[in-house]
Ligand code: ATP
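Just the one chain here, laid out as structure tokens, in the form predicted alone.
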């Protein structure tokens, strides 16, 4: 009698539409579990985010943080609410705390166009926009985010922190991802102006010599934004600093239908968090109209990361189901110009997984 392989997943629904989209992601995960029969998932939910702060005074309680470290992966919905802020005036971002405290330096943001009707760009069809942003997620310009500005200050300064150790690991991860794809890595920086970016580029050049089979190019971030609008098909893997990656992730999400189509993973040497790239969207929370596809695709990324033949098969099934559902132009939530509810979109993908 064979024993099923078990994966333990900490589920952090979070704030706003987080619980709405997580519910559909978990239904798809369960449908894969039932389909394959050889793997199973143990899920445990934790309260983290602005809502938890309002209850306990801490958006990421210490006991919760220690508990989720014991799981095989973390699945996160969305965190933060615009009207719940620290005394400094900035929003609470426990998702960034997780990246930094768990050492999740490698942010993966895949961008794929499933149907021509979903892009604002003309003359692009399914698959022509297919790229991956590899975003450093623990330092860069975000490194000053916990600093405070004294009352009455006449200036404020943020520091861009680039370290050799993190950059080397980031670049190696980007090159390994390129080997799975089309073997091109584009470094996105501002090395013509910022010494920290020149340092970043120098490390990239060193690491690139370890991967002679991978083509490389170096593009300033402003030019990259232009090329993404004019020639998005030219890119394969784009690797960049934290803030640049944050901005370009939204731009590229807009190229394929919006943030409801933008999954992500933040991966370190030991831990990994999977979440949609979008925010908590409190204005539509609980209305049943949020797009769950980014979360469902994040679930597929989690299965890929588990790196077993069975979980990889599950990830493939999810990707194929999403592509099949989106082939029909009417199968769209409101953000994509359709009328499907969050649950209805989830139903279509669950049914397609079951029929695979």
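Given the structure is predicted, the values throughout are model-derived calculations rather than measurements. Numbering follows the first chain given and starts at 1.
A second form of this protein, the form predicted in complex with adenosine-5'-triphosphate (ATP), is not displayed here; the remarks below concern that form.
The stretch among 179-187, 278-286, 161-169, 199-207 whose residues place heavy atoms within 4.5 Å of adenosine-5'-triphosphate (ATP) in the model of the complex is 278-286. Only one of 128, 250, 269, 217 comes within 4.5 Å of adenosine-5'-triphosphate (ATP) in the model of the complex through a heavy atom, and that residue is 250. Checked against adenosine-5'-triphosphate (ATP) in the model of the complex, the candidates 259, 194, 221, 121 yield a single residue with a heavy atom inside 4.5 Å, and that residue is 259. Contact check for residue 290: a non-hydrogen atom falls within 4.5 Å of adenosine-5'-triphosphate (ATP) in the model of the complex.
Contact between residue 335 and adenosine-5'-triphosphate (ATP) in the model of the complex is found at the 4.5 Å heavy atom cutoff. When contacts are judged by a 4.5 Å heavy atom cut-off, residue 345 does not count as touching adenosine-5'-triphosphate (ATP) in the model of the complex.
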